[in-house]
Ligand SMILES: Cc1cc2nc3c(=O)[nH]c(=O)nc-3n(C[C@H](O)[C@H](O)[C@H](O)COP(=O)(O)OP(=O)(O)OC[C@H]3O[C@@H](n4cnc5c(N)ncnc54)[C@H](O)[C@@H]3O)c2cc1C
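Only one chain comes next, encoded as structure tokens, the form predicted alone.
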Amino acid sequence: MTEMQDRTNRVVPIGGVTASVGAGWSGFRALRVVGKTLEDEARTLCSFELVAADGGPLPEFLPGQFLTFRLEVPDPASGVMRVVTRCYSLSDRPGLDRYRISVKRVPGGVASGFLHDAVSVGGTLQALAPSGSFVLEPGEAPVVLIAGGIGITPFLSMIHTQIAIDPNREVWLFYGVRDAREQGWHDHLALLSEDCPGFRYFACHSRPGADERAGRDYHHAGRVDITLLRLSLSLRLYHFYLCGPPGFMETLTPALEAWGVPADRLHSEAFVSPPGPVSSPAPVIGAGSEAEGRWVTFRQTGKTVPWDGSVETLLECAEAHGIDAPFGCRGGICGACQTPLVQGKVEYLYNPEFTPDPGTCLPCVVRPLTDLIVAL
């Protein structure tokens, strides 16, 4: 995800909904699973309903924000338990007595596979408070939501919130998937579009199945592209929101810019799954001697902690030891976690899309090769 985490504790009203950005609770909190629902015919999209395990209230959030989870999962190769951290968007509106996240099973995905297969109703998950700045703009200006695959999840929160506030506000949803088997919430979204005067829904299937029927199972045969948007939308000053995989974003973002959409009206968030190591990892940064026993010093906090391989990244190491480190996408895309590397060498798990400045590193996608001193 390309959002930047907001840690300012400001209160933002959206119609009848008020949420605290960056506030909520400190550190990881246990959330209990009270509901688990498969949302698509292919059985690859699963929603989890969550309440506080301690019985306390859950803070509100802004529509579009996400939860960050710390999961203990078995390593596929060794079976040894490891800690991984993943972010999942809240997929229902604020103001309810529970949170909901919706997780797409990724082939070979350690975290998504664990959640689908090993987490049941009654189980608990460790999560940070809601955060993120990819949120619905308040007001009356018309909105266009463009989702690719699992990128629909933050938009579900935005749609439900806006309908609760003002069902007459003009909100368009273009939802692109391969076919009906991979699409979640189709009947629900179609019913909303019939009942709510301001909501317009386009299901776009790039490869409709032979038994699918236009107008019933989908509205457009093909990908969501600029041609479809220009034919569907009038010449108005919309707020555009894009959320989906990187390729989806890389195609639509420049097309919308070329169409003349102002930068302050274009909001985006990329959904990525951490890939495996690449064959040619990014070069190491910094200087230091190789060491078999590695230690990490976080200079700002004064903590020196061992690197024992129980976590995947330097960011997760910081979080495991109670160090408040900035982050955004957790996938080497946005650069929100960039921090000076004072001493030592790091190895990138894979080549990040964001190129860090000289003398810095991206803690969300690196691990130490030697003893380290970082500025956090």
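Small disclaimer: the values here were computed from a predicted structure and weren't measured. We number the residues from 1 along the sequence you see.
Form predicted in complex with this ligand: not shown, discussed below.
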Could you confirm whether F66 comes within 4.5 Å of this ligand in the predicted complex, counting heavy atoms only?
yes
Y88 versus this ligand, in the predicted complex: is there a non-hydrogen atom within 4.5 Å?
yes
Report whether the minimum heavy atom distance between G139 and this ligand in the predicted complex is within 4.5 Å.
no
Quick check on F271: any heavy atom within 4.5 Å of this ligand in the predicted complex?
yes
Interface stretch in the predicted complex with this ligand - options 88-96, 223-231, 301-309, 160-168, non-hydrogen atom within 4.5 Å
88-96
Could you spot which one of V103, L156, L145, V177 gets a heavy atom to within 4.5 Å of this ligand in the predicted complex?
V103
Contact with this ligand in the predicted complex, heavy atom within 4.5 Å, among V119, V110, V83, C196 goes to V110
Sequence-ordered list of residues in 320-343 near this ligand in the predicted complex, where near means a heavy atom within 4.5 Å
I333
Quick one: in the predicted complex, is the Cα gap between R330 and C243 smaller or bigger than here? Answer closer or farther; it shifts by 3 Å or more.
farther
Considering a change of 3 Å or more, are the Cα atoms of G335 and Q65 closer or farther in the predicted complex than here?
closer
